[in-house]
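The chain below stands alone, shown as structure tokens; this is the form predicted alone.
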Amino acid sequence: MADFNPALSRRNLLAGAAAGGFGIMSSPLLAQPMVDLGLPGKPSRRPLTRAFPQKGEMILQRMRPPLLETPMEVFDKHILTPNDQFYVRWHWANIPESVDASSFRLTVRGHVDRTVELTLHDLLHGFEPIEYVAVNQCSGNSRGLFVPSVPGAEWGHGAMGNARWTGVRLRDVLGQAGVKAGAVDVRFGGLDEALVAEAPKFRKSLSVDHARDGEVMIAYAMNGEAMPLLNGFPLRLIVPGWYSTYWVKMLCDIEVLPGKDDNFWMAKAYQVPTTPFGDVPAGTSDYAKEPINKMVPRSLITNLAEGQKVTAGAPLMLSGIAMGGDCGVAKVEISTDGGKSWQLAALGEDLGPYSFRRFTHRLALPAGKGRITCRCTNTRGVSQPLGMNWNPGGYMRAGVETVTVMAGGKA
């Protein structure tokens, strides 16, 4: 729980709307520097761009709808991902290029005692504020690294970010509308629209019990500021510990349902195998499915690049980030022998169970090729598997990640 931050006032939110009002792209895409994401067996170079409003340097995966990836060095510099380098992912290209905060309304309707329309002023001043740090990670983060390859956005590791979110409990907002007995699901929609009428509007649902657990948040601030337009201004649903497909951006509509939600984005899209880590043998297409939900533990070395030269026998300090998925990080281990033996890394500040956790470890490598692997175990006792998982959607990458370096006489 956090005290209300007076800087997060109606004036600041209105300023956020103005900042978001100069178009999806603020400058043309001219010749851009490139970054190599190391995607196996396919073109892996992507342009770096600063062409999008309220965004610094980002990896451009797609222009419209915007798919912008966070460069890996950002994760090495910051445990809280800066707003201007926080990744962006939209499903439909018809995104509002500005939002008038003064006329914006959040509607709560459906299987409720009364339909409620709330202004941003209502949310800022009519409910108890809450705040926590949580990782927002695309379901398909690292999809471009799947072997065999799968269709979809070919992300590297940067389709994720960690932020301090401020807002109000979804439970409290639902309480103002009065959820009727027999409610089953709560469905969420945003201001974005499909380009054609027959395409399904992007909507996601949570069970009514999950929606009222006191942790699911309607956020109006991100790292102490109004969130960028492309990250969901003025409101975004925050579902800590779950993949970001549920974190509906530009949230404007909440519908309580008396039955299970069978819309396309719940019943057909984002389906994963009902197996640990959503893993099936490569090439499998027939399997029991369920909607993707809780995140799995992950860890990444962030201060070394693949193929980097280091000095043999000299102390080498590793730095990286770990996340427990739907709970906290218990430990991170490092191996230099393919997982035969492990050493504990030191953990940095704990910002809460849903946050990234910094880890560091000092080692020395003999001359030659060195392979450094990191493994996270969460507070539920779940560890990253040594083998990499696979499914046709390219979802929930979970296996341990390895960085190969070259140790020689001179770095």
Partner chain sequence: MMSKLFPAIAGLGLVLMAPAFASVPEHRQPTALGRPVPPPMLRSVTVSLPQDFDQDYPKGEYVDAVNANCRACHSTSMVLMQPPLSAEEWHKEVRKMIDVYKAPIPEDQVEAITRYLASLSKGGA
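Here the structure is a predicted model, which is why all the values come from computation and not from measurement. Numbering follows the first chain given and starts at 1.
Unshown form predicted in complex with its partner chain; subsequent notes refer to it.
Picking from 307-315, 228-236, 276-284, 179-187 the stretch near its partner chain in the model of the complex, with a 4.5 Å limit on heavy atoms, gives 228-236. Only one of the listed residues (Val99, Val272, Val74, Val208) places a non-hydrogen atom within 4.5 angstroms of its partner chain in the model of the complex, and that residue is Val99. When its partner chain is considered in the model of the complex, only one residue from Gly368, Gly381, Pro33, Pro43 comes within 4.5 Å through any heavy atom, namely Pro43. Heavy atoms of Gly259 never reach within 4.5 Å of its partner chain in the model of the complex, leaving it off the interface. In the model of the complex, its partner chain sits beyond 4.5 Å of every heavy atom of Ala330. The closest non-hydrogen atom of Leu195 lies within 4.5 Å of its partner chain in the model of the complex. Not displayed here, its partner chain is kept clear of Phe359 by more than 4.5 Å at the level of heavy atoms in the model of the complex. Residues Leu195, Val196, Glu198, Ala199, Pro200, Asp213, Gly214, Glu215 are the members of 179-216 with a non-hydrogen atom no more than 4.5 angstroms from its partner chain in the model of the complex.
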